[in-house]
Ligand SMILES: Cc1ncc(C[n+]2csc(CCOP(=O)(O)OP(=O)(O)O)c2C)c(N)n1
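Starting off, we have a lone chain in the form predicted on its own, written out as structure tokens.
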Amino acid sequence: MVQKRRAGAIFSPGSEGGGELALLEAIRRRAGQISSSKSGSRIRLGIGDDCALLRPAKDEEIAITTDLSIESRHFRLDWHPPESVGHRTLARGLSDLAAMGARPVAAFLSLGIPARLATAGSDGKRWVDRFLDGLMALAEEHQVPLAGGDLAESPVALADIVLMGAVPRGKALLRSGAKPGDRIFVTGKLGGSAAELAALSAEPEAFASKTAASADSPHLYPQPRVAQGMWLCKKRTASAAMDLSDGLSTDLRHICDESHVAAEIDAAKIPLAKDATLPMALHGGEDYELLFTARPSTKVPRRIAGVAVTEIGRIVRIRKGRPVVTLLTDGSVVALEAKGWEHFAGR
């Protein structure tokens, strides 16, 4: 029987023995390394009580996002190192905050794992410890404290991350602000995660030996564009924005739907990652770059906080009988169907 525990309460002090309480106490100690730092100034009370207490500034709004990662759906234990699973779990939530220009404030982790993953392996470390290595390293990089969560034994590994961020009141980047004439931009390069996933599925052992320890792997260790999102928000540069998690073809359609506009993309301008094809860049997903629009008169720099920015198209009016999103390629115009990731859609 799984005992239900509330956020914050699960990380209360435990015994010196093994099992759940010892694991929770270990997590609490690790979380405290960030919670006690300067980044925790908005957290009045973190791990140890029934709830965490946050103290937002009066001129800010709170942005909240949640992402669920499930074994065999979002990661595979035989393909993805535990550090990568932990990193990717937090990166997905941080990318959502980045898309709205929010500054990370606190993270809450609900973790379900089989008992074997809480037992030391042949290398002397538990899977769960290595998972936390990856998650906490990224948390330290972005100074986001772990303020609570939940823990349970589960038949499959799963992790649900809740991220809270702060954004200046009334200035959050939204999907609904694009207008005809706006230009379309992306940060970084696209298709890298899909290209690496293809290599991983084809030769898991060869891929793992080559990239498992590399922080430059766009699939194993994607880098959420938090600094770039905050810059776009502060400078009021973007008219609409979101992160590229499901693929350009699908995510651009979201902006079009929310803004009641259409879009044209120039295939030749899409920045391709190493080994990526155009279909990978259009439909692959999990790039966690930013997709944003800007007014025609807005000056958009070529780089933001060290990351390249590329103009790839423009927003146009919806026309009867014309696709919502079109792709300009080889002198022709074709409909760009949303073929990115969508749960329950068979893709």
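Throughout, we count residues from 1 along the sequence that is shown. It should be emphasised that the depicted structure is a prediction, and the values quoted were computed from it without experimental measurement.
Same protein, other form: the form predicted in complex with the named molecule, not shown, and the subject of what follows.
Could you check which residue among Arg169, Arg76, Lys235, Arg116 gets a heavy atom within 4.5 Å of the named molecule in the model of the complex?
Filtering the options by heavy-atom distance leaves Arg76.
With the named molecule left out of view, choose which of Glu83, Glu196, Asp246, Asp182 has a non-hydrogen atom within 4.5 angstroms of it in the model of the complex.
None of the others qualify; the residue that does is Asp246.
Among 311-319, 281-289, 54-62, 298-306, mark the stretch whose residues have heavy atoms within 4.5 Å of the named molecule in the model of the complex.
Only one stretch qualifies here: 281-289.
At the 4.5 Å heavy atom threshold, is Arg103 in contact with the named molecule in the model of the complex?
Arg103: no contact with the named molecule in the model of the complex.
Does any heavy atom of Asp49 come within 4.5 Å of a heavy atom of the named molecule in the model of the complex?
Looking in the model of the complex, residue contacts with the named molecule do not include Asp49, since no heavy atom lies within 4.5 Å.
Taking any heavy atom pair closer than or equal to 4.5 Å as contact, tell me whether Ser176 reaches the named molecule in the model of the complex.
Flag for Ser176 set to no.
Do His219 and the named molecule share at least one heavy atom pair within 4.5 Å in the model of the complex?
It does: once the named molecule is placed as it appears in the model of the complex, His219 has a heavy atom within 4.5 Å of it.
For the stretch 42-70, return the residues whose heavy atoms include at least one within 4.5 Å of the named molecule in the model of the complex, in the order they occur.
Heavy-atom contacts to the named molecule in the model of the complex: only Asp67.
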